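To begin, one chain is listed below as structure tokens, in the form predicted alone.
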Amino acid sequence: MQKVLSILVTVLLVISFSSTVMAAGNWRKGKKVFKAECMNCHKRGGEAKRIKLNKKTKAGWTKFFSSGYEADHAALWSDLSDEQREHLIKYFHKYAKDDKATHLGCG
């Protein structure tokens, strides 16, 4: 009985931890948002300058998204859900200059 209870507690902890992580954003979903929404303008030959995700640090991208970014992209930003915005920021953070895990470009 004690073994079953400890397994149950472990499973519940894993589930609660994974839901917390997912709430913070998912970079893969952010990549899909980026490709579907941002790449319409931010592409080679597009009407806006191409975005290089590894040109800013995570703090730089956080500051960018929180300091008047919406003014230039108001229509798009208001169309995105809070969840989509979190995913997008997670994607930008994944390829930021100071992320040691990946420096492969913007995926």
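Each residue number is its position in the shown sequence, starting from 1. What you see is a predicted model, and the numbers here were worked out from it, not measured in a lab.
Omitted here: the form predicted in complex with ligand HEC. The next part is about that form.
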Just to confirm, residue 27 within 4.5 Å of ligand HEC in the predicted bound form by heavy atoms? no
I'd like to check something about residue 48: if you look in the predicted bound form, is any of its heavy atoms closer than or equal to 4.5 Å to a heavy atom of ligand HEC? yes
Looking in the predicted bound form, any heavy atom of residue 42 within 4.5 Å of ligand HEC? yes
Does at least one non-hydrogen atom of residue 73 fall within 4.5 angstroms of ligand HEC in the predicted bound form? yes
Could you list which residues of 50-66 come within 4.5 Å of ligand HEC in the predicted bound form, counting heavy atoms only? 51, 55, 61, 64, 65
